[in-house]
Each structure stands twice: as structure tokens, then as C-alpha cells.
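Below, in C-alpha cells: the form predicted on its own, a single chain.
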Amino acid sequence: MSREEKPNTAILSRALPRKKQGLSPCAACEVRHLAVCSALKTDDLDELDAILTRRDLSAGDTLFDEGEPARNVYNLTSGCLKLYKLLPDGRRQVTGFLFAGDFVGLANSDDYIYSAEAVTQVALCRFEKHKLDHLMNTHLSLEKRLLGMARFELVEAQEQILMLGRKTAMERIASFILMLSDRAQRRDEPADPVKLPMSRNDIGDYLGLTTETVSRTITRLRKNGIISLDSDRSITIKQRETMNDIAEGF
């Protein structure tokens, strides 16, 4: 039995509420413009609403493990997820961080090719793959939107390869902070301060650095007056042009 089939008191699964005063819950969703459902017209959202359930996770809960049957896909509506793979020797490579509006769980194989874990409290919309496939067959705009999101993920994967292969520790940290700032803006959130919901260990496993190197590099940026640390989970970029130059290797 897979993790998704086992009862878990930390993970609540429930149907979204039905229409309230004639408005579909999907139409009222605050991140609809960011998510895959933005491809559907308001009149078509009831069809999407009919095939989804909502899932809530607490920080540290696993959504699915690498190798489990990939029966469901998810749209993240709040919080932060991390995706990772474990190497045979037990080392971990974090392959990405997802935020509100991002889609997770698509796979070309029958099994999930990575694990997904909640970094913070998370809310998601869950779709059974075969039901979503049927909906895409009747609404080609939905399929086109998913393809666009997949292309964006490919660009981010290429950026990570560049960071891991060619950039110094300082360049990687600067690039990572700027990436989080840019993604916050795309979610209509402030570019500053930059929220860092993930741990220094998670950042290191994403950038191919030790936890100590991550902390030391962030401290160096602070001492040089390029950033300020509002807290362990928040950074303000004080010299954005300088940060851009560092990220680009100038």
C-alpha cells in the first residue's frame, strides 16, 4: 500500500466546498491566475471543481515518495514544497522548491521520479491523473497551459545545472536569492524582503553546498552590506545591482 493510500492524521483530504452564492470555489481561488486552471474560462471551472479534492500538509509531511505509483497530480495553492532525490549512498539532492500556483506530480513513467515534502504548512488541490487527462481532452487550453508550465520548469532545471556546474558558492547563493525574489514577484508578492522558508541544509542540498558554506556565504553578503538579515527566514537585498553582478560572475 502506498503512502497516499494509508491513513495519515497529519494529512487531511476533503472535498472542496461546493458553490457559494453561485461562485465556484475555483473561480474564487486567490492563485487561480498563476495556476493551471487559469487556462479555463469561468464557466468551465465547475468541471475542474468536480474532479478535485483538497489536501493539507504540515511542515515535514511527505506528499509522495520517489518510486510510488503516480496516480495523482497536484496544484499548490499555498505554502512551499521541496522536491528531492536520494542517491544510492544516502546523499540527497534537492531538485526544486515549489510555491503557490506551481504544479507537481507530472511524470512520463508510472511512478513518481522524485519525492515531495512540505517545507511549510501546505495546501494543494489533488487531481486523479486519468480524470485530468479526460478534462484536457475536452479543453485543449488546459493541456497547452500545462505544457507552458513544463517548459518553465525545464528552464529552471537548466539554470540549476549551470549553478551546480560553473558558479562559485557566492554566485550560487546570490542567484538563489534573486530567483526567490523574482518568483515572489510573479506571485504578485513583494520582491523584498525575500522569504526563505527552507532551511540552510535544504538550500545547500539544492545548490550543491555544505550547510556551513551556505551560512558563511550569507554572512559574508551581510557583512559587505549587500543584504540584511531580517530573520533566519527573511533577507532584504540592499544592493540589488551588486547582487546581479555577483550572480552573473562579474
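Just count from 1 along the sequence shown to find any residue number. All values derive from a computational prediction rather than experimental measurement.
Keep in mind the form predicted together with a further copy of the same chain is missing from the figure; the text below concerns it.
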Legend entry - Per-stretch contact check against a further copy of the same chain in the predicted bound form, the hit in 219 to 227, 46 to 54, 184 to 192, 201 to 209 (non-hydrogen atom, 4.5 angstroms): 201 to 209
Legend entry - a further copy of the same chain contact in the predicted bound form: T77, any heavy atom under 4.5 Å: no
Inset, instruction - Would you please decide whether K167 lies within 4.5 angstroms of a further copy of the same chain in the predicted bound form, comparing each non-hydrogen atom pair? - result: yes
Inset, instruction - Answer with yes or no whether L146 is in contact with a further copy of the same chain in the predicted bound form, where contact means some heavy atom within 4.5 Å. - result: yes
Inset, instruction - Using the partner position in the predicted bound form, report whether R71 sits within 4.5 Å of a further copy of the same chain, counting heavy atoms only. - result: no
Inset, instruction - Could you list which residues of 149 to 170 come within 4.5 Å of a further copy of the same chain in the predicted bound form, counting heavy atoms only? - result: A150, R151, E153, L154, V155, A157, Q158, E159, Q160, I161, L162, L164, G165, R166, K167, T168
